[in-house]
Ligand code: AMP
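Okay, here we've got a single chain as structure tokens, the form predicted on its own, with questions on binding and movement later.
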């Protein structure tokens, strides 16, 4: 029996009766026995979101399925080199029906984007695969692994363990997903298993040097111009333990930057000696501020801070979209961060 989107993706946070993950075997059975699939991931996609989307889309194509891959922003310019990237499109204006929708790397269904959600018609099964601990477990089949540093790592485990397609193109997307979400294997969430999977992915034939150059050494000049402006405006609070910078909408328009240019700039603050929490405030259209937070210490839990502002994420990396003026939001969030680091 088919369901509407409202019925299919009703959050399971209200019910604590079933917190057990769906098994890879259960998910693989759905992948093998249905015909039409839609793959989604979150707005303002990063490498894990797009790499996971494309990898899953390619694997489903290899299984002979009808597949569509949507993202609210489409394929970002900086990830256009990924094999299979042409699968990614913005959602259509009219709703479409699918047997299965897979929501990847997306902590809440709202983060899939209003346009994507509006374009989904009737669905038989929703599958939610993610690594964010704040995920409320929306969907019919749910697999949340908060220990995994990237959704791409979970997908590798799924494809490998269930003998699903895993070729060079799929592997390249999974490597991009894992590499970007671990800070090129530098973040504390990187485990021995992560390196083992990276080795297995390399054995699929990808050229890690060429791929890493495209991921980390091919930034447009406008991104560096933006960084120069942001660093000129950075501020420190909490005895230097909290560092932040803000990007007014007018400045972004003046520089001609696009949203994807912001990705990773917060790491320049996080890398400063003595800084525990780094924050990037970006003014958006419609009276909201995008807040990105990073922490060096799990005791300064930025996920908890962002949840208090109706966001989410991980203890060391989280975000939120907060209504209000840029200066006001920056003041309130910074105050919460200062309180979190006060005793550290």
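Predicted model, so just to flag it, every value in this text is computed and none were measured. Positions refer to the first chain, counted from 1.
One more form of this protein exists, namely the form predicted in complex with the named molecule; it is left out here, but the text below deals with it.
The contact with the named molecule in the predicted bound form, taken as any heavy atom within 4.5 Å, belongs to 290 out of 68, 296, 62, 290. None of 279, 27, 39, 318 but one reaches within 4.5 angstroms of the named molecule in the predicted bound form through a heavy atom, and that residue is 318.
Contact check for residue 47: no non-hydrogen atom falls within 4.5 Å of the named molecule in the predicted bound form. Interface membership of residue 242, defined by any non-hydrogen atom within 4.5 Å of the named molecule in the predicted bound form, is ruled out. Proximity of residue 143 to the named molecule in the predicted bound form falls outside the 4.5 Å heavy atom cutoff.
Although the partner is absent here, residue 201 sits far enough away that none of its heavy atoms falls within 4.5 Å of the named molecule in the predicted bound form. Contact with the named molecule in the predicted bound form, judged as any non-hydrogen atom within 4.5 angstroms, is confined among 76-84, 107-115, 161-169, 92-100 to 107-115. Contacts between 116-149 and the named molecule, taken as any heavy atom within 4.5 Å in the predicted bound form, involve only 132.
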